[in-house]
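Only one chain is included here, represented as structure tokens and corresponding to the form predicted alone.
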Amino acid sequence: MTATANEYVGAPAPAVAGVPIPQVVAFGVMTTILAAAPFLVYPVFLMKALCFALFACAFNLLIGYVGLLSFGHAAFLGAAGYGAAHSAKAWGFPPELAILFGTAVAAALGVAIGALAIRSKGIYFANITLAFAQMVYFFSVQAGFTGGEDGIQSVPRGTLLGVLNLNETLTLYFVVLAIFLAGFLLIYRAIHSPFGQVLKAIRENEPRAVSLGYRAERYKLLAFVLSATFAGLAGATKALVFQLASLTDVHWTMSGEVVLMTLLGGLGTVFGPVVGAFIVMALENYLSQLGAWVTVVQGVIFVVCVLTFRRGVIGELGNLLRKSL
């Protein structure tokens, strides 16, 4: 499974404002489907999938384009959820400020963890992020304002910008969709900017990038913070959608789940994490009657997909399209 499965080989594809036409078409199709989906599918399920899709895109920014595997990204998702939920319920923040506050908490946590972890590489980096995530988890268990095992419940959704009543399901859905699309486009812009090209160079050959004058640690730290920030945006939004912040989102299994989403959809692809998130959420939703066997079935499906689709679902589709052209 390669991190450049979505890149075109040979002559550059026709582009609109610098964006390849196939990606413009794919984004348009994705947006159209998601805009029509709540009239056909249960909106709450879709909102959950959108939150996790943004979370997976944030994780993919780090592993797919920098080559850093984090086993602690649940810390940012969960911390932002607690921040948004507490600020909305205890301090009376409107939803827009609650989401921004939760995102800022994740960004600050990303700076603190990233500054210490980024100097390590490979499995050492992964283990350090996991250790910090466990520290955040145990803090969430013990801290008074988090509600312990009960979490923060009955979080008020409020009125966005004083106009949009988020207690109305369809209104809330389109707000979540707008947040997802904004996050997706910002991540896309970061990936395809000069900054993103430096990240790819560091991933491919860090010593050579350093020899060209780039400060690799600074770039990796900034990428880590950006990834943590977007993960926090997903977590803060999810807390308002479900009116709940709980230990589930900060547990280490959530970090493993986002790895599954990214690998299943296509590591290092633009749309792969979105597809992977929807596949995993659909499996959890429709296999929930199996109880504890859900994780076993998910594991089997994951193994089959990895053996069958080495580049992930989107990566394999892109590869087939390139061969057919």
Partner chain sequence: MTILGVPTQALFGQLLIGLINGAFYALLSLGLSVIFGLLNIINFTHGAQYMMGAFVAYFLLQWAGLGYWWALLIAPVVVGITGIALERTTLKRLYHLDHLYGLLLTFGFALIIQGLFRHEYGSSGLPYSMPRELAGGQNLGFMFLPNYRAWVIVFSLAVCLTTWYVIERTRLGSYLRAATENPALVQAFGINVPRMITLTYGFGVGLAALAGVLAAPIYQVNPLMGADLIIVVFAVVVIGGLGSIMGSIVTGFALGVVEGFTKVFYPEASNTVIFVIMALVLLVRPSGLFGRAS
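Here the rigid core means the biggest group of C-alpha atoms that line up within 1.5 Å when the two forms are laid on top of each other. Predicted model, so just to flag it, every value in this text is computed and none were measured. Numbering follows the first chain given and starts at 1.
There is another form of the same protein, the form predicted in complex with its partner chain; it is not shown, and what comes next is about it.
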| note | Students should find that, of Leu161, Ala178, Val210, Ala131, the residue having a non-hydrogen atom no more than 4.5 angstroms from its partner chain in the predicted bound form is Ala131
| note | Exactly one of Trp91, Phe138, Phe145, Phe195 comes within 4.5 Å of its partner chain in the predicted bound form through a heavy atom, and that residue is Phe138
| query | Is Trp293 close enough to its partner chain in the predicted bound form to count, meaning some heavy atom within 4.5 Å? | reply | yes
| task | Find out whether any non-hydrogen atom of Leu170 is located within 4.5 angstroms of its partner chain in the predicted bound form, and reply yes or no. | result | no
| said: If we define contact as a non-hydrogen atom of the residue within 4.5 angstroms of the partner, is Lys200 a contact of its partner chain in the predicted bound form? | reply: no
| According to a 4.5 angstroms non-hydrogen atom cut-off, is Asn205 in contact with its partner chain in the predicted bound form? | no
| query | Only one of 241-249, 184-192, 113-121, 98-106 gets a heavy atom within 4.5 Å of its partner chain in the predicted bound form; which is it? | reply | 113-121
| Comparing between the shown form and the other one on the rigid core, is the C-alpha shift at Val304 2 Å or larger? | yes
